[in-house]
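As structure tokens, one chain now follows by itself in the form predicted on its own.
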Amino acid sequence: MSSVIQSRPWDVHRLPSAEGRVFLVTGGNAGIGYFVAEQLATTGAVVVLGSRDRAKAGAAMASIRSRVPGAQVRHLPLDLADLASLKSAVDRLDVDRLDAVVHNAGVALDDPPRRETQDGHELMFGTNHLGHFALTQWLAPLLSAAPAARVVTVGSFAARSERLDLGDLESTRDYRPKRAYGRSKLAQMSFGFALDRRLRAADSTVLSVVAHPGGALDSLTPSRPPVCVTTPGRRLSSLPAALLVQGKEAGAWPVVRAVLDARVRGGQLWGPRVFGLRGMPRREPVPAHMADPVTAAGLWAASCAAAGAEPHLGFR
């Protein structure tokens, strides 16, 4: 890539070509994941929507195709809450390499009671973290087969105020939904930074990058019916909030940059420019508690045991 292209400011509306590349976006049928998929589709890449709901995935693909002429989008049936199903899901990808996976899909519960996956894990931790942890193991050969693949883990601003309890990762004591959600996202982010350290130690060509959308509200999100519908009245009533936060289309920008920008490096954190809540994507300092090696080692060992994964996750 020429120095002229390298020095050109990143433009969220003029993304570089990614023709010939293949990207998997978990939860690509809705929310941030939908807009990540829509934006990546404009680059000419093949974009695979990982979703357990075939009808919602179909609606998302139709929406993307209506906005991106010639978009190459596919659906991969994927249920992150069912760990035993993930290997066969990856087998159905039917590609010889994967240039990036965006670990985006997530569950957020607002009210008790505590719920579990069919594997017996707390639902948010089991889906948001363990599902992606296990999925990475099965994707490792495909990622390693690409010239410079990326694992992009989508975290949350909510993780900044949380701390992991290695003695109670699945909130069996004193369950509070918002705290459990924040901790599940912190576990994802800690995993992303720990994976980077392990990949570098193994001299892997795969990069692990973490990104977050800042404050992304449905009410400030452009309509993409039937995927998401924002009425003019609802959008107008939310305009004062736009001083601090943004919609999900803009929330996708840091994630898309983490996937595409040749200047991005492993172990980096990308988020919105203004207080980490809104604006153009930029690199952020990594909070110490997200990259603490002792906590990360404990989380990694517990995740391997819970997900039945090998410590190296298939990267050699």
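Sequential numbering from 1, following the sequence displayed. All of these numbers come straight from a predicted model, not from anything done at the bench.
One more form of this protein should be noted, the form predicted in complex with a small molecule, which is absent from this view; the next part is about it.
A heavy atom within 4.5 Å of the small molecule in the predicted complex is found for one listed residue only; from R283, H289, K56, R65, this is K56. Mapping the unseen interface onto this chain, D119 falls outside it, with no heavy atom inside 4.5 Å of the small molecule in the predicted complex. In the predicted complex, at least one heavy atom of G214 sits within 4.5 Å of a heavy atom of the small molecule.
Contact annotation: D79 falls within 4.5 Å of the small molecule in the predicted complex, judged by heavy atom distances. Contact annotation: Q39 falls outside 4.5 Å of the small molecule in the predicted complex, judged by heavy atom distances.
Shown alone, this chain has one stretch from 79-87, 200-208, 166-174, 143-151 that lies within 4.5 Å of the small molecule in the predicted complex by heavy atoms: 79-87.
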